[in-house]
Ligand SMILES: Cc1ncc(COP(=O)(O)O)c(C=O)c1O
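To begin, one chain is listed below as structure tokens, in the form predicted alone.
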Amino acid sequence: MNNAPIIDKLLQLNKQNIISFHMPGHKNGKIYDKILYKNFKDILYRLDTTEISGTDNLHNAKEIIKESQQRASRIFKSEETFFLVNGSTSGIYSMIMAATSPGDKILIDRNCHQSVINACILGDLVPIYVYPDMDEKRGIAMGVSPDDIEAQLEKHNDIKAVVLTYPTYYGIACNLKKIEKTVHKYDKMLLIDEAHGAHLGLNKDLPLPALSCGADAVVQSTHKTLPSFTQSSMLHIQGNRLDRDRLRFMLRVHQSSSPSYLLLSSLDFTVMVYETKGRYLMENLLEDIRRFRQKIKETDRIDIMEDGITEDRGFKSADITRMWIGIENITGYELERRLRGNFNIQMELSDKYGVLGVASIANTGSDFDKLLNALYKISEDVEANKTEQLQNSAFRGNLAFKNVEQVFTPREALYKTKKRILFKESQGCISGEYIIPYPPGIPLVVPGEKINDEIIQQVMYIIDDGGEILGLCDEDCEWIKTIT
């Protein structure tokens, strides 16, 4: 066969000119129409090289990579910045394992990304969970409270580090300044997964960056909300709590010895854009979003998560570049399908109640106009359904992980003997696998936790409605490995 299926499909999708409210942040290359830097996009294939004379070495940076990392450190206001070419996952592994030793406890938010749990497996760590508040109407995690953090630090005085997601996938920013004071009062390290917040420093109307709140180490997915390529990220450090020599060792362990210069080039491009045009482009984006939100609020059939949703919940703020949208009497899964199928608009994710759109400085005013027009048309066409039932089901499902009992640590579970049983009959069993709706990649069940009926119901609903579950060895999700 004279074809290349991945290339062929990507070229086919590229020709469709999909309107992107999903990651990556360069939005199908639209940023290159705004920033014309030396025909960067046209010469990418020529930049794929390796460590030769003049190209420097990521793991021993002395020349051009060092210069670009130092520039990134200056504009992101860190003391030291490391480029990541194995995704934010490699940065999360590295900072956690640089801060801990095998057997240590770490305090993490239960709505964390799976990479944080994986770090517990790799580092032989004991996770202690703090649970987020929930938005009952939309069934989404709202973030963790400073009081809950302090309660766990008082209860477990041998916790080594606190690892939090800031902001959340939905853009909710906890009161990190207050949390920082608590964490450092107990002399613990504060490590932040800021995968969804690399852009926060570009405008005062966005939540404060984690570094500004006093975090010791911060990992950012610059490919999610800024224009670097997928799998390129940054790790920022400040203060002296984290051993930097140990961190450098961990980065060598968890990153490729042959780093991609395409990814490094895209990080360099992002640093340049951030410094020279970032604030201007972000202000334009926020003007488009404010206009879009105002028009949405003029109709009572479309729900968009409000700017001030955090005010009555003790949380700091919300990132308005994250747009959580629901339409009365239609599931989010169906809304996402109609947006893509009928209007060529791709959202970031969907659940039972709504869809999430991720906007970046690469989006244009026309993108928002087309999304608004599509939402109007869909809302007009939707027939009556059981809206209240949709809301309640989404809320119960997203609370399911809060009622899960941890029997073994994730690492202990990895090495336990397992047997294969029908997933529908797994209530009360200890899971030997992850159960992860994707996106966003937040585990409903972690290996070593008991499966309850709420989990089973939630997973079956997601599967029946066309959603995706990762972690199970059975791709049809009929079977699961449980610990005997």
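In this text, residue numbers run from 1 along the sequence as written. Everything numeric here is computed off the predicted structure, so don't read it as measured data.
Just so it is clear, the following notes concern the form predicted in complex with this ligand, a form of the same protein that is not shown.
Proximity of Ile92 to this ligand in the predicted complex: non-hydrogen atoms within 4.5 Å are present.
With a 4.5 Å cutoff on heavy atoms, Ser115 counts as touching this ligand in the predicted complex. Mapping the unseen interface onto this chain, Ala195 counts among the residues with a heavy atom inside 4.5 Å of this ligand in the predicted complex. This ligand is not drawn, but in the predicted complex it has no heavy atom within 4.5 Å of Thr225. This chain lacks the partner; the member of Ser360, Thr81, Thr165, Thr100 within 4.5 angstroms of this ligand in the predicted complex by a non-hydrogen atom is Thr165. The partner is absent here; in the predicted complex, the one residue of Thr321, Ser350, Gln255, Ser88 having a heavy atom within 4.5 Å of this ligand is Ser88. Comparing 279-287, 148-156, 210-218, 165-173 against this ligand in the predicted complex, the single stretch with non-hydrogen atoms within 4.5 angstroms of it is 165-173.
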